[in-house]
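One chain is shown next in structure tokens, namely the form predicted alone.
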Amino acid sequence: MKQNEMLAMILAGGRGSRLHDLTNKVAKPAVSYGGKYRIIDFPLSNCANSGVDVVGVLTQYESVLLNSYVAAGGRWGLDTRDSGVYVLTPREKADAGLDVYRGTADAISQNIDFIDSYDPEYLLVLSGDHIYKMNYDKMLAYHKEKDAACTIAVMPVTMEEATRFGIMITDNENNIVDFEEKPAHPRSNLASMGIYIFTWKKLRELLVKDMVDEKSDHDFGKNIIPALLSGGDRLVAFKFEGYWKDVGTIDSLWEANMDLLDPANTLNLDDPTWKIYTEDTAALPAYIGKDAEIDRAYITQGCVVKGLVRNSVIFTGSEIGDGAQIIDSVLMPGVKVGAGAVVTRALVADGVSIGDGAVVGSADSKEILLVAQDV
């Protein structure tokens, strides 16, 4: 890839309301994952590993922590003379006086001047709230090979899951012939991953028209992609093979963490050839007490474990007291579990304390319990 041949824009302004109290004070992409990471680390690391030198991160909701975190571009090696990570915030006002992007396409439209300053041939648009590893350079090569106006990364899902995604209908050569947004009766199982490569000149033309269209939702799925299809432009599907998780709910965030316990998990956070970079947290090695019992667990640095941990993921700096039991659960950074407490099928938010002898969650529960306040 040539210098600045492709520029990336990460859509990181989602409210993340389905994560409930986890996103009351932080943006969804800043939520912790996998012991020591934040969700935003994945698209940023993918950019760094793929040779994408300039990345704009578009934030809006509860963005203070996310903005300061992203501004330290050195975490991902994107702080050299010719590279950088830039925090971009909305310029236009909503009726309530808040800075907002009106939709995913509007987020790009409001930053046309920033993109034009680099004069890229291609624009990579990413969601900032998915867990996956992908080589965007390979996707760009496919985009150029197909001479497409837009390439959309897709992944097969079950037909039941397909109702939650934008679904691509393709021909035998992976050309996209139709697009359905969260269809009740899907005609395909190829789900959009929220990863797009556009030929910038063509996308810019459409965005300029969309900006002044009062009837538009200013959304890629609802407006821009249908406009490309109706205009006869070539759209192609790039089929992704690997681990990908949309962590939009408490259950899916819990599942994504629990996947780390599976030896066959293809994410592999320890792969030296495709590192996931993150904040370097100063912490002592994990301490496992002499009476502790560990059975299938993912335990990060800085943890103190004196009780039982079974089939669970324990984040940096968490402490588990004498005789406590952590079963089928995820403890986020800095959680304190008192002596004799029992935590089952739960996701415990950052910094929460669970008192001595407390019982939280149930093995019989169909849904994962979010514990966001001290117990």
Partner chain sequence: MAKAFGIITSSPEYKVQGMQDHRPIAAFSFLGRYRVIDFPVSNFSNSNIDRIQIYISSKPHSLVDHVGTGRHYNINSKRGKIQLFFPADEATSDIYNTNLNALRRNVEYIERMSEEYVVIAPSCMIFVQDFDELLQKHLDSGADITLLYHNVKDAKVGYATCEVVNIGPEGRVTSITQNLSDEDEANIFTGSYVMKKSLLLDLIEKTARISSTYTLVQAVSHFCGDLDVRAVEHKGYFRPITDLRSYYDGNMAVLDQDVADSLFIPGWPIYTRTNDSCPTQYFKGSSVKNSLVSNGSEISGTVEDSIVGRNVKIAEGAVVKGCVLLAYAEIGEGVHLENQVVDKYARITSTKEIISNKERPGYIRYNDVL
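The shown structure was predicted, so the numbers you read here are calculated from the model rather than taken from an experiment. Numbering follows the first chain given and starts at 1.
Same protein, other form: the form predicted in complex with its partner chain, not shown, and the subject of what follows.
Although the partner is absent here, residue 270 lies within 4.5 Å of its partner chain in the predicted bound form, judged by heavy atoms.
Heavy atoms of residue 69 never reach within 4.5 Å of its partner chain in the predicted bound form, leaving it off the interface. Residue contact with its partner chain in the predicted bound form: residue 56 places no heavy atom within 4.5 Å of it. Although the partner is absent here, residue 132 sits far enough away that none of its heavy atoms falls within 4.5 Å of its partner chain in the predicted bound form. Taken together, the three residues 37, 280 and 288 all come within 4.5 Å of its partner chain in the predicted bound form, as judged by their closest heavy atom.
Checked against its partner chain in the predicted bound form, the residues 112, 159, 292, 208 give one hit for a heavy atom within 4.5 Å, which is 292. Proximity to its partner chain in the predicted bound form, defined as a heavy atom within 4.5 Å, holds among 296, 187, 201, 164 only for 296. With the partner omitted here, the stretch from 189-197, 297-305, 116-124, 236-244 that lies within 4.5 Å of its partner chain by heavy atoms in the predicted bound form is 297-305. The partner is not shown here, but in the predicted bound form the stretch 246-273 reaches within 4.5 angstroms of its partner chain through a heavy atom at 260, 261, 262, 263, 269, 270.
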